[in-house]
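Let's start with one chain on its own, the form predicted alone, as structure tokens.
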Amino acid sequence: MRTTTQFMNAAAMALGADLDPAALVSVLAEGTPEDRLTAWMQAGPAGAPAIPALAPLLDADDPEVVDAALCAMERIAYYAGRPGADAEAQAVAAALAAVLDPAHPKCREVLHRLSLVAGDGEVAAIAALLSDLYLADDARLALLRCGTDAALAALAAAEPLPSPPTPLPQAHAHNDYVHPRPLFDALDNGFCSIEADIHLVDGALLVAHDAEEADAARTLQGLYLEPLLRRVRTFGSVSPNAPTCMLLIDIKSEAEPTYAALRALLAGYAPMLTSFEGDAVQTRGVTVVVSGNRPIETISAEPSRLVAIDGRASDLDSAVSPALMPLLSDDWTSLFSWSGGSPMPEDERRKLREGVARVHAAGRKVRFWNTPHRTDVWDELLAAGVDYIGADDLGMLRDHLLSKQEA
């Protein structure tokens, strides 16, 4: 592989020459900020072969690497769009369409670059995004920019954009990351509370239930924080007309170092996060609540925070401020024996309702885990005023809550 200096010299000497995609990626991933700047500015001639090589950099933990990769893709698209380079433009467009993934947080940015060179061959891939509430406007602009008969026909044939899902403030996506489309499946069903388990592995916060399942590609930043940020920037909230979205982060690894990494990461997303200054709360699009291995003393000592703490039933009579501990969660099976299928025993129903009332009187909200996945259990939770109802079957809970709203 050529050195950074050799790569730069080659780019400067022969703008039209083929550039080594591996060398370009190496500079963008590992070079100094100055090297990155020079590399992406000279990336145009790298052409279509560089696009699949650059795509993995969009998942990098370092946002400067991600931005550099996007800048390189843009340069490549602009360069391919020069007069007389139709074959090159077609190749770059096909390469960009191949990495266009509506579930990826950088899909909008890739779509913009595709729109610079898209032709009839890319119309179908772009038109497929017209039904996506988040990407539809960008897809329409991309088709207009393409301007071919096929692109305009796709626009004319597009169905009206569906209405956003009805927000369901009580719907909590338990272990959300196990779904085929983490975060997006829950939001498409109207859920306003999302749960993600995290492990600190080699300095990265990876989303998984157990440490042995942790995958370096599934980061908290990539799966949740980046797409949430883009939605808040687009809609003003995570979803249109929705309240703040609770992101319940369950720490599975050691509390203190994991929280230290989490705190540093969240600082980069402060504009979308609910903030806490003593008892003062500034609510924004996403509210982070830390559960699991909670470093309670550390968080409590912070005068300014971007997280709150998930309490337990033992904190029911605690004098801790609701601004610090706005939620109490506990294991249903440790508190109640009833699992549905028959009327709830009156003594347990009374215990549930009185407990929820006491929590609410203290200014907190209530959640249980390990609740039986049954509609009759959900009905008792709703009747008692439980604030968050967890589900693994997102559609089943959505349909049940909507039926209650319509009744």
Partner chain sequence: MSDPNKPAGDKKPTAAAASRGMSRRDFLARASAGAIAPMILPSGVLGLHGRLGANDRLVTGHIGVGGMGRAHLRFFAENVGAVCDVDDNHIAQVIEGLGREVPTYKDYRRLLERDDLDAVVIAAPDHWHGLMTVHACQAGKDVYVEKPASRTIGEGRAMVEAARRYNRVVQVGSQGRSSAHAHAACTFMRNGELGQVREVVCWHVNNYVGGDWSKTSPPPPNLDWDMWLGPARWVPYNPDRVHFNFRWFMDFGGGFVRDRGAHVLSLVFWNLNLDHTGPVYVEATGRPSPTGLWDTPETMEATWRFRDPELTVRWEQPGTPVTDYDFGATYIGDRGSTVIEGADGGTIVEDHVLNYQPPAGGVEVKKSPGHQEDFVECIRTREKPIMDIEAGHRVATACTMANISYLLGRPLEWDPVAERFLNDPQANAMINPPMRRPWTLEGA
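Bear in mind that the values here come from a model prediction, so they are computed numbers and not experimental data. We call the rigid core whatever largest set of C-alpha positions still superposes within 1.5 Å between the two forms. Numbering follows the first chain given and starts at 1.
Keep in mind the form predicted together with its partner chain is missing from the figure; the text below concerns it.
- Proximity of residue 145 to its partner chain in the model of the complex: non-hydrogen atoms within 4.5 Å are present.
- Looking at residue 108, you'd find a heavy atom of it within 4.5 angstroms of its partner chain in the model of the complex.
- Though the partner is left out of this view, residue 37 does reach within 4.5 Å of its partner chain in the model of the complex, counting heavy atoms only.
- A residue is said to contact a partner when one of its heavy atoms sits within 4.5 Å of a partner heavy atom; residue 67 meets this definition for its partner chain in the model of the complex.
- Of the listed positions (295, 190, 285, 222), a single one reaches within 4.5 angstroms of its partner chain by any non-hydrogen atom in the model of the complex, namely 285.
- This chain lacks the partner; the member of 304, 163, 314, 337 within 4.5 angstroms of its partner chain in the model of the complex by a non-hydrogen atom is 163.
- In the model of the complex, no residue of the candidate spot (357, 372 and 382) has a heavy atom lying within 4.5 Å of its partner chain.
- With the partner left out here, its partner chain still marks one of 325-333, 255-263, 181-189, 69-77 in the model of the complex; by a 4.5 Å heavy atom cut-off that stretch is 69-77.
- Contacts between stretch 93-120 and its partner chain, counted in the model of the complex as any heavy atom lying within 4.5 Å, involve 108, 109, 112, 116, 117, listed in sequence order.
- Relative to the superposed rigid core, the position of the CA of residue 42 differs between the shown form and the other one by 2 Å or more.
- With the core held fixed, the Cα of residue 352 is displaced between the shown form and the other one by less than 2 Å.
- Relative to the shown form, the CA atoms of residue 219 and residue 32 are pushed 3 Å or more farther apart in the model of the complex.
- A change of 3 Å or more separates the two forms for residue 28 and residue 200: their C-alpha atoms lie farther apart in the model of the complex.
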